[in-house]
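Only one chain is included here, represented as structure tokens and corresponding to the form predicted alone.
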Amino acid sequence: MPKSPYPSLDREQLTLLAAWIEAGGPEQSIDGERPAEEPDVLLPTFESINTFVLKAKCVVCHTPGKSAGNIPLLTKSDLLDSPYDLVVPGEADSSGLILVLKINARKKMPPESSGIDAVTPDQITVIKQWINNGGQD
């Protein structure tokens, strides 16, 4: 432990590990600090999608006064009540949001020129689940 190509633990690391094991492997570290919590995961809810996808990749442009401000993506209402059928509850494959996120989309979002990472296939799957569930959570 650890196996190659990683270097072996030094004496200080081994001592710390032994002390942690002797203490019963508590969640709280030996020095009293709690370890960092695992990052939240994307869930098929508007709040989660808003936090992990829309705010991270979309609203930089899709906010009134910005380059794509005519299609705001700030609220659930912006998605559900859009004249562009961004979210068609229960019909993810017909929803404009999904159509522009696909890798082969005619007008791919976010555009490569923005420098913003594309929405991943896993993220698209979760967004589709939310839409297919009615887009209400």
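For every residue, the number given is its place in the sequence shown, counted from 1. No experiment lies behind these values; they were computed from the predicted model shown.
Heads up, the form predicted together with a small molecule isn't pictured, but that's what we're talking about next.
Relative to the small molecule in the predicted bound form, residues A92, I124 and G134 are all farther than 4.5 Å at every heavy atom. The small molecule is not drawn, but in the predicted bound form it has a heavy atom within 4.5 Å of G96. L74 falls outside the set of residues with a heavy atom inside 4.5 Å of the small molecule in the predicted bound form. The small molecule in the predicted bound form is not approached by Q129, whose heavy atoms all lie more than 4.5 angstroms from it. The closest heavy atom approach of T51 to the small molecule in the predicted bound form falls outside 4.5 Å.
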